[in-house]
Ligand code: NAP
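Presented as structure tokens, the chain that follows is alone, the form predicted on its own.
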């Protein structure tokens, strides 16, 4: 029987009392390990994190906590090779795709270590300047940001077991808030291993970082008013979380990242073969195939002028035809597998849901896999769909197929194209392609209200832009409406979620003694 991965809560490693849920290699079908959280004393776990972990972290200054993040970076770098092996085995990703998750996480923690150091040796942050409350400046109001006296619960998605942990944990720990992470079961091994390495290295105070693998049952019940919760996953589960008594009655602050039908928009005037046209084609293919399209930021809808629809379909399809799919251990494979056979079924169901309103422009589903058995492996080749009537194809704007699938949609004029971008009802990101700076700027402002991030690509940034789907810690990650209304990263803005704003009304002498 495979190893039962232990949980780390209440300052000690604890195995669940159940048989465990198996984790599989999605390409070979072999069982890798098991996870279980049955029988854990969750009230004890949360209390230990709040009291032991929280008190220890808050006793440190921001600069000292930044030092802890720097120590975490060293631990993760030292074990990087093992993480790549786990990602290949448990997530089915090729090396370049694993790098997005693993190296992206290490980079993000390192950035917050640098930013945190600039905050200095203080334990609270000034929020604006003091203002007088009367005619004379003898009684003033100073707003502060102070760390919340609670725990941060992360319920994470299966697609980024590394980055999904650390992009949230870095600002939380820097803020002085202890973390309990519940990774998605299918790919929990990498998260658990990273927590194990950091715990074993002894770089954090006891209770600052905990991991629960297996079922999430009871986790929300354990939340108290000063705790915070962050969820990444489906809109259906997000709705359950929003209605939970912890949120609805105890006012636990919650951050949600849910479904997102992101778009890429080619501006008028970009003829087939032009630099802007080629940049769009390259980015669409990359976003469809990186992590087999299992990214919350991936391009799902491709919006192009009607006159270049056919040329775009041909160019994208030609590049997709060259994508080899199969076992990520084979160096010739460019795209690995989905995370599980269940996810493969979900992608097939999504394609069926779109079938009546789209046509297939490119289909690699029947292309032979490399070193993989199609009866076992959770692999599927990229599929490009199209709908010549973008308005009538309502499902394209409603159904997210979380895999290597995107839909090409023509627009009549720029106003129509922007309207289609808004049809996503709130997305994490849209990318714009063109060469007219003024026009791109106008479109960026027009689509910004329904998007968390607007990624503008012109020929001059062809080699410098960070990619439509790459989430950089300097920029906001989140989106309104359907995308969940959440906000992560964005530099030090991420600390807002883990702080409480309070106004201290006092004399200038008292305010000066705050030491800010």
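Residue numbers count along the first chain shown, from 1. Nothing here was measured: the structure is a model prediction, and the numbers come from that model.
The form predicted together with this ligand exists for this protein as well; it is not shown, and the discussion that follows is about that form.
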Problem - Partner-proximal stretch of 101 to 109, 252 to 260, 85 to 93, 121 to 129 relative to this ligand in the predicted bound form, 4.5 angstroms, heavy atom - result: 252 to 260
Practice task
May I ask you to check whether residue 231 falls inside a 4.5 Å heavy atom distance of this ligand in the predicted bound form?
Solution key: yes
Practice task
Indicate whether this ligand has at least one heavy atom within 4.5 Å of a heavy atom of residue 400 in the predicted bound form.
Solution key: yes
Practice task
Using a 4.5 Å heavy atom cut-off, state whether residue 296 contacts this ligand in the predicted bound form.
Solution key: yes
Practice task
Give a yes or no for residue 210: in the predicted bound form, does one of its heavy atoms lie within 4.5 Å of a heavy atom belonging to this ligand?
Solution key: no
Exercise for the section: Decide yes or no: are 158, 241 and 477 jointly within 4.5 Å of this ligand in the predicted bound form, with each residue judged by its heavy atoms? Expected result: yes
Completion exercise
Assert contact residue (this ligand, in the predicted bound form, non-hydrogen atom within 4.5 Å, options 214, 386, 150, 426) equals 214
Practice task
Name the single residue among 79, 357, 278, 237 that comes within 4.5 Å of this ligand in the predicted bound form, judging by heavy atoms.
Solution key: 237
Practice task
At a 4.5 angstroms cut-off on non-hydrogen atoms, which residues of 163 to 195 are near this ligand in the predicted bound form? List them in order.
Solution key: 182, 183, 184, 185
